[in-house]
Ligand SMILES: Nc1ncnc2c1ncn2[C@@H]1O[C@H](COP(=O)(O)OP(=O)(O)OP(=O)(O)O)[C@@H](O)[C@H]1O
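Read the single chain below, which is given as structure tokens and is the form predicted on its own.
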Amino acid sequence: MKIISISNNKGGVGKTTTTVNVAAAMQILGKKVMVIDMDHQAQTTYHFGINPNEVKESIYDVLKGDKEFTEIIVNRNGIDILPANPEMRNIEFIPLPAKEFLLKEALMDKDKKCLSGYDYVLIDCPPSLGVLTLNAMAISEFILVPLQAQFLPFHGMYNLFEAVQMVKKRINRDIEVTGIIGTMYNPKKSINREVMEETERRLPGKLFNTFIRENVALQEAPSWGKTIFEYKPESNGADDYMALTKEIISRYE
């Protein structure tokens, strides 16, 4: 089983879109997948067609110790989801020690195996290095970084790499940034091409060959509570995320 955090300190780079659609592609390819929404904005929850404001029992209740994670699972088309709701922001105020390990403790079974039975666990992180992101990184082996093909997100990505080194030193020595995903890519724009070329030059072997092209359908799908494969399976977005997912599986397996 692979536990993967999808993380970037900058918002709007395609974290949630990537989490949801990679999970959907994995399920189509026959993998058993769980998605954990660790963002208090609950955009992954919403993207799967679940209204966060109507979620009475969320991953927040699991972190507090009020619920077992098995009690809050919602299944959408074969994908198990641990949903979020706006109460997640209150995690900062819970008077508990070592709060960065709450998720890891909650997902451990009596045999000390995390979430046995799943091929992949994907965790959507908030766009900041707060308690929720640290919880995700404490349990993850791998980090995937969606990178919008623009100048500022490229330079902001290095803040995440520095944060991961701190996490590796103090919280989880096994974690690694293993992949960078180019998102919102338009091959006709020179800045997009230059950012991807510079990423490969500075971080050889990290950038996936598949780029997620600009695609209106990817922007529209969340409003319908659907993955791209449900909303427009013949779109470039569906083609790109399927190709990316096959590349991810090939890299990790």
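Note that the coordinates shown come from a computational prediction; the quantities given were computed from them, not determined experimentally. Numbers for residues come from their place in the sequence shown, where the first is 1.
If you look for the form predicted in complex with the named molecule, you will not find it shown, but the lines that follow are about it.
Annotation: in the predicted bound form, residues G12, E214 and L218 each come within 4.5 Å of the named molecule through at least one heavy atom. When the named molecule is considered in the predicted bound form, L63 lies well away from it, no heavy atom lying within 4.5 Å. Interface residue remark: P127 is counted as part of the site for the named molecule in the predicted bound form, having a heavy atom within 4.5 Å. Of the heavy atoms in I50, none are within 4.5 Å of the named molecule in the predicted bound form. In the predicted bound form, the named molecule lies farther than 4.5 Å from every heavy atom of L207. When the named molecule is considered in the predicted bound form, only one residue from M26, M184, V55, V195 comes within 4.5 Å through any heavy atom, namely M184.
The partner is not drawn, yet in the predicted bound form one stretch among 224-232, 195-203, 39-47, 55-63 has residues with heavy atoms inside 4.5 Å of the named molecule: 39-47.
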